[in-house]
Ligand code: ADP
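In the block that follows, a single chain appears as structure tokens, in the form predicted on its own.
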């Protein structure tokens, strides 16, 4: 089966979040099962682009209204990622360093999608599935069905995976000229509440829709940034498939970012060595439990209540724990977290920015990972943490609900709370500090977590069944 993944991100080429991790792993494991999975993404000016060799496989020309553009498709020569990787270059639109955050993102991603569909339309054969990811590729199912030039593609099955429904790419109808000429009777397949909504269009036009965890699929019918009624209406073609993690990359026994490797059998000593390195680097006390946060410092992740939660924990519980924060996001949150360094007593530090090597060391050396997310479609961080023997402290939502079971329940291994609220987080921290003193229980939980299977094999099988269902 030939599967074409279309995405704005793919690790290690360009990544802003979990979308990049998934698109960088899923195709590789699909190929290992005997499929032919390929990835198509924009040609940002990244280190990966500059450090690898490429072949030009196609040149084309298309337009957005009166704006005509040339596009080039290049292919990575060595297949080093385990799948064919294609980049789409459009001078003036995609030739930038950042993935997102430009005033003309609507034009950038619309042009990208037009180029992809225009290229596929010229193939001498048809792929078995076009698998699009998030709103950046959400207009492709519409184009394949309702744009006159590409209607010969209408019989190719399409799948939309929603990694985060909060971001929808909404643009006014004044930008409808960007799309290739289309059947105006089908305007409702683009529209949602008076605007063109690429994510909503993808939900309407794709043959199947999935989210990255079963619980998140259910939650979207209750809270999805205005798309609740649409998810309810389209629930018959929607499903949830839990993401996996790349067990080859995220393995404490072989992780190239670590100097001290360990397995489930040697985790106690191995984690202690990594923790000491972390504590020495960030002026923390290795005798205290180390609680870390790794991620974007935004409201979605509950980062805005981190400063108050940390302060309250020090006040009500005492200075019995360490905190180490890694991330970037809202300037106000960054400032508040940085200001806490002034009151640190060898028990708090923060790294503003992102550092892949540091994140691996934190997973390896921390005792606990804090994830007070308001929204967490799947969450990979908690899976990485458990793989490295770090106990997750999570809010009961989305994929966190599907992957973490409270240690107070039979067979449990994490710390779970119900609300992204200061009181709930502080209570979770108190439980973590209390649990830390029970070394035997911690060792038992750590071993149990490290033996859990969050690899891609099960997820890939579910995607295969989803694709197979499109043949009927």
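Since the model is a prediction, treat every value here as computed from it, not as a measurement. Positions refer to the first chain, counted from 1.
Although not depicted, the form predicted together with the named molecule is the subject of the following passage.
- In the predicted bound form, the named molecule lies farther than 4.5 Å from every heavy atom of residue 135.
- Taking the partner from the other structure, the named molecule in the predicted bound form has no heavy atom within 4.5 Å of any heavy atom of residue 93.
- In the predicted bound form, residue 338 stays away from the named molecule, with no heavy atom inside 4.5 Å.
- Although the partner is absent here, residue 280 sits far enough away that none of its heavy atoms falls within 4.5 Å of the named molecule in the predicted bound form.
- This chain lacks the partner; the member of 327, 198, 389, 252 within 4.5 angstroms of the named molecule in the predicted bound form by a non-hydrogen atom is 327.
- The partner is absent here; in the predicted bound form, the one residue of 381, 158, 309, 161 having a heavy atom within 4.5 Å of the named molecule is 381.
- The partner is not drawn, yet in the predicted bound form one stretch among 221-229, 313-321, 295-303, 147-155 has residues with heavy atoms inside 4.5 Å of the named molecule: 295-303.
- Contact residues in stretch 117-140 (any heavy atom within 4.5 Å of the named molecule, taken in the predicted bound form) are absent; none meets the cut-off.
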